[in-house]
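One chain comes next, on its own, written out as structure tokens in the form predicted on its own.
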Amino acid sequence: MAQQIVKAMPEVIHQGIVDTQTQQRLERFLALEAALMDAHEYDRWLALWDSDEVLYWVPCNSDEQDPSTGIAIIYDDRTRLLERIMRLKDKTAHAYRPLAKLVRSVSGVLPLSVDGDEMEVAASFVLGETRVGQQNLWLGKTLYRLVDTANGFRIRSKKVMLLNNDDAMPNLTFLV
């Protein structure tokens, strides 16, 4: 994803393509999304998604791998996303208990393109996780496709590019 920022049009980097108020709204929206994931507030997090077709994608091995020909850590449409939330909320799912303690920081929020009420936004994150005596640090970048609605931004797609997506990794028992 660094390539998408590096290849961004000069006006994206130098002047910005949204006004200051929109930039602040984007940053607050992504901070809220991060807080909801950290707090395991799954239903409220799900409400941040658009009601139309959605895609929640965490590529494996390469950020640019074609998901139709390769494997993915997560590749969810709305139906699979609802199933994922159901599993995360299931108190009898031992693989997800106890809940991980999470804290993340989102930075580098950069709108890359705007097309009407839809925009592509890049951000970086650092996520700390502790669970059953294990502590993990997750680093990555996220590419969002957001739609600006009367009720605020909604996520149409979210591609999470973990820095270590080509390494063996533990089961993700939380949202990234």
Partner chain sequence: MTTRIPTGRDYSALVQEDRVHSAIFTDEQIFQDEMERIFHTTWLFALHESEIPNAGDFKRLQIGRYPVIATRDEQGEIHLLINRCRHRGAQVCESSHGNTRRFQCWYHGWTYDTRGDLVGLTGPEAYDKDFKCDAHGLTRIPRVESYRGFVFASVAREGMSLSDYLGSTKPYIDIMVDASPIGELQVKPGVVNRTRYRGNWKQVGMDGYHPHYVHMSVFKIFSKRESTTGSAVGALHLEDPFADVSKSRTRGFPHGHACLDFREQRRPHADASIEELRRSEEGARYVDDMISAYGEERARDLIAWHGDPHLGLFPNLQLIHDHVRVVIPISPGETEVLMYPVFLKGVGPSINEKRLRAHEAFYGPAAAGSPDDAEIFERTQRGLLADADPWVQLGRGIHREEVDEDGSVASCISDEITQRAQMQEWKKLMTRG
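Residue numbers count along the first chain shown, from 1. From a predicted model like this one, the values you see are computed outputs, not experimental measurements.
The protein also exists as the form predicted in complex with its partner chain; that form is not presented, and the subsequent description refers to it.
Although the partner is absent here, Gly108 lies well away from its partner chain in the predicted complex, with no heavy atom inside 4.5 Å. Ile74 belongs to the set of residues with a heavy atom inside 4.5 Å of its partner chain in the predicted complex. Within 4.5 Å of any heavy atom of its partner chain in the predicted complex lies no heavy atom of Ser124. The closest non-hydrogen atom of Val132 lies within 4.5 Å of its partner chain in the predicted complex. Stretch 63-71 is the answer when you ask which of 108-116, 40-48, 140-148, 63-71 has residues with heavy atoms within 4.5 Å of its partner chain in the predicted complex. Highlighted residues Arg84, Asp90 and Asp166: every one comes within 4.5 Å of its partner chain in the predicted complex, counting any heavy atom.
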